[in-house]
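Next up is one chain by itself, shown in structure tokens, the form predicted alone.
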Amino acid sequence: MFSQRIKALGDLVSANNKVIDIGTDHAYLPIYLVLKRGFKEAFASDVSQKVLVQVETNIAKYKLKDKIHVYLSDGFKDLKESYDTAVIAGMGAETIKKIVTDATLPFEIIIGSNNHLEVIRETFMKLGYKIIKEVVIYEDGKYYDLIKYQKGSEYLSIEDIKYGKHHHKKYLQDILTKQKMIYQQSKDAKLLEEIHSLEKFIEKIPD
């Protein structure tokens, strides 16, 4: 029942940490942490009361009501407790940026953004977080770029911000292919520069 994306997100969480899944959706991640990684408890939140009804149903299905605690919250705004790790996944970069800006953030944050990873990387560098691990998985015809952050200073080059620290060649080639398709329709000069830049970056990655 657990997707490769959920497994990958869950496996990035440091062992024994107090973890909350922000925007938990179906609560599959907290369920995975308890059932498969042996966490004694996990926390889940979502901004939607309707979503939390389904969350409670899923938790009850696996008999985990005493181990997974659920909160209605807009990001971190309505959370009363502190956490070691927060997972924020399945959202766009601008939504994630809005959630973390001016919030009291934990030591460890794991991000799975649906788009604009360059915005994520630049935002967290400015917030005083460093990339501990960045992994790319492929599932159901789509790539997912997942990033584990911990508090600490880090300088990212322009290439690091644009293309990440994973150096996953097939993933970057997939991005390049999509950019070329868009360029064929738009003939946008700036996009052509991005294409040439990415091509040069990919050439430096060993097979």
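Quick note: we count residues from 1 along the sequence shown, nothing fancier. The shown structure was predicted, so the numbers you read here are calculated from the model rather than taken from an experiment.
If you look for the form predicted in complex with a small molecule, you will not find it shown, but the lines that follow are about it.
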Would residue 89 count as a contact of the small molecule in the predicted complex, using a 4.5 angstroms cut-off between non-hydrogen atoms? yes
How about residue 7 - does it come within 4.5 Å of the small molecule in the predicted complex, if we only consider non-hydrogen atoms? no
Contact flag, residue 157 vs the small molecule in the predicted complex, heavy atom cut 4.5 Å: no
Does the small molecule come within 4.5 Å of any heavy atom of residue 177 in the predicted complex? no
Options 102-110, 130-138, 115-123, 72-80; stretch whose heavy atom lies within 4.5 Å of the small molecule in the predicted complex: 72-80
